[in-house]
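Okay, so we've got the same protein chain twice, two forms, each given alone as structure tokens, structure 1 and structure 2.
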Structure 1
Amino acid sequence: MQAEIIAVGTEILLGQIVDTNSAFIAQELAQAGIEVYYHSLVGDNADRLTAVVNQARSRSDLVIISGGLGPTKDDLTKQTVAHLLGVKLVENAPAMAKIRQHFSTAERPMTPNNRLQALYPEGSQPLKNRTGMAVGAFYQDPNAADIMLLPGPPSEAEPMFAEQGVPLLKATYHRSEFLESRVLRFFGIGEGKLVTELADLIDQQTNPTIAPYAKVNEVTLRLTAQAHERATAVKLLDKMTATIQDRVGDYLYGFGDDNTLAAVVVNELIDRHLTITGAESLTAGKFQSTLGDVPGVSAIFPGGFVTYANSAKHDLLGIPQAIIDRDGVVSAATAQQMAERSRAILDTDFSLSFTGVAGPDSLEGHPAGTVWLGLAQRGHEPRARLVHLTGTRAAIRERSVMTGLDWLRRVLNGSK
């Protein structure tokens, strides 16, 4: 069973809004055991929409179209699809009654174009719009791909598809297979290196499949398993995950589409009732801001320091001027002092410090990208680590924060 998703809307093509419907529909289809091979995006133009739908129907079993069901002149989806199918548009009485009731309650006159929202291609099964007014539709064609029409607003498309579309597809196609996915997130290893380490698994993949994706400052792997029972698919994912962990588990920091390195570290600290602070020069508060993005961080993060100027390092943290004069701010000694003194002042279990050269100019003879990280831990001598980063000023600062978080993650795990 092969499906294709088409998003309709010139505003999406222009980048004015983001198409989230396609991602949601694809995820729901995967859970129903229906694979998606193509996503398409087309503007509000009848000729181009006809061409895209014809192409989709020539190569897929099911075409799901979101958008273009509204009452305005550029909402052409249902008219275009009805013309392509050679059927007329008919009115759905419950939808029409809802539209009339809406305007009556609002004490506003209903214009004729609002009737369009109650129309759907003849021969289709109408899909009720619980959160809006435009009716959806499912048209089964014995000679070509079936077509499902969904409204464009996610607040309407998502409940319609989840509550009516998916059950209807399962019943129609008698789907008994499940597609289960898992995302593995890595930091400190490039996509090329990761793919090299897993080359045989990727080359021989069948079930589960393995798909690598390079993202900003990290790499992810999406594993997808197919089985008649969800439990069996999960077991397949568990087995492949264990194999990958044996090879590159040192770089694996978490799972899930929405997980972050900061969330992993903060939640680990929360679970262990360990506190943290930070002292930042190079990153100018970015580390502490990143911590603040994680819900619940206030339980383990009392506050921290941004000591951009040398005087701030001396006045706020009490770093002896002699150390700054002797070693410079871009040094192991300064990074260690920043970490340990901030930790001691706020009496936390850990502190991370960041000092170095974000660029574009050099500092103290060090080129842009020279970064010293400091890590202080209660009961231990403070440590420092030198890294050399590349990219823009913003990229260097972002990468510095993630490198510090990963260092702390490893310490918490006992690996380094």
Structure 2
Amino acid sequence: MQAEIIAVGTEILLGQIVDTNSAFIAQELAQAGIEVYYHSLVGDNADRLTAVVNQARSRSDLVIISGGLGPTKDDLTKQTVAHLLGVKLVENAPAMAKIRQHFSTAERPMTPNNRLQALYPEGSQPLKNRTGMAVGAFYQDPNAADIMLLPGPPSEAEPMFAEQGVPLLKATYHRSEFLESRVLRFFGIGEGKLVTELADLIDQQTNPTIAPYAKVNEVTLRLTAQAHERATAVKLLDKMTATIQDRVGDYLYGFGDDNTLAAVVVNELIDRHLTITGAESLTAGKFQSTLGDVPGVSAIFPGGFVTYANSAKHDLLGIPQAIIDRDGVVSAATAQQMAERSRAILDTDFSLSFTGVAGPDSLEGHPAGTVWLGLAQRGHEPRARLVHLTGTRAAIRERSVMTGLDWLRRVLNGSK
């Protein structure tokens, strides 16, 4: 079983954007036990696309193509593939309904080219686009390689491939074997340290396999086990998970592809009927917005404060100017005051505060990346914690929020 990956798009051909879909698809295929020998990249040109797809069909068993399913004249992947397969394009009714619904809700007229996005090659299985408009497809060809079509934007291609493409490929090519995988999510440990701690397990991996992956501000491990019975595969995963937890469980915050540190913390708060607020300086609302990403958060989050300027720390939270004058705004005292006063005003069980230097300039003599976090808890003295972060302004703000969430996760677990 040999697959080949093709990315289509003049913008990626010219290097204006970097193709990340192919790497994502390759990783998922590796986890599914499907080998990949070639990636190709071609512009929005029917002749060259035809040549590349025909070559792939002749030397591989499966061709996965991303890009060129959109509504513009540039987008011709679907038309080209249908033509070389000798089939016509047909309309997918649910996709068409979603497109009509979108334009009707947006109160904008639907231009005819948008209908293109609902078309797919006749005889293939359509793949629903949960996060966009253009429908994907999986065409099984008895005479040459099978072909899967995915949209170009990673926000559409990744969920479509992970949620529908991979299960479909597993069902099609691995009828007798179960592949079970499990994602372990870590915060506060780098990829280098993690693979060092698990070096022997990674070296000896067979079943389950262990694939580390460094994301922005977190690291994940994907374990994949293979067995004739699903229960056996799950047992293999459970055993390896326990071994890993023994070594680096302190950094393990959760499981699953779509999970986040915010979701883990918010769901724990919901389960325990504990409420939270925040007071944010350098993060400017990013912590509260991150809580807001989690459905159901309204049960435990009434709202809170963005106190970017010193005046707002005084006006909105009533922090005495004397404290700011004495200790500075980047200080334990200010962080504690921000957390405790916001908690008291909204009468919540917890509050997190963030005050520090996002950069690029320094502040009060502190370099960019100097951040004080405050944590207030009903019935306890407020606490503060200093961290030194590196990277861009965006990275420092993001990392501040993650560090605060991880602190609260540990407090909720009773560890620190």
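C-alpha atoms forming the largest set that superposes within 1.5 Å between two forms make up the rigid core. If you're wondering where the values come from, they're calculated on a predicted model, not measured in any experiment. Numbering runs along the sequence of structure 1, starting at 1.
Student: Between the first and the second structure, which is the form predicted in complex with a further copy of the same chain?
Tutor: Of the two, structure 2 is the form predicted in complex with a further copy of the same chain.
Student: Given a core-based superposition, decide whether the C-alpha of Thr403 shifts by 2 Å or more between the two structures.
Tutor: Result for Thr403: no, shift under 2 Å.
Student: Using a rigid core superposition, assess whether Lys73 undergoes a CA shift of 2 Å or more between the two structures.
Tutor: Yes.
Student: Do you see a C-alpha shift of 2 Å or more at Arg100 between the two structures, with the core held fixed?
Tutor: Comparing the forms between the two structures, which are aligned on their rigid core, Arg100 does shift its C-alpha by 2 Å or more.
Student: Supposing the core is put in the same place in both forms, how far has the CA of Ile6 shifted between the two structures, in Å?
Tutor: Here Ile6 registers a C-alpha shift of 6.0 Å.
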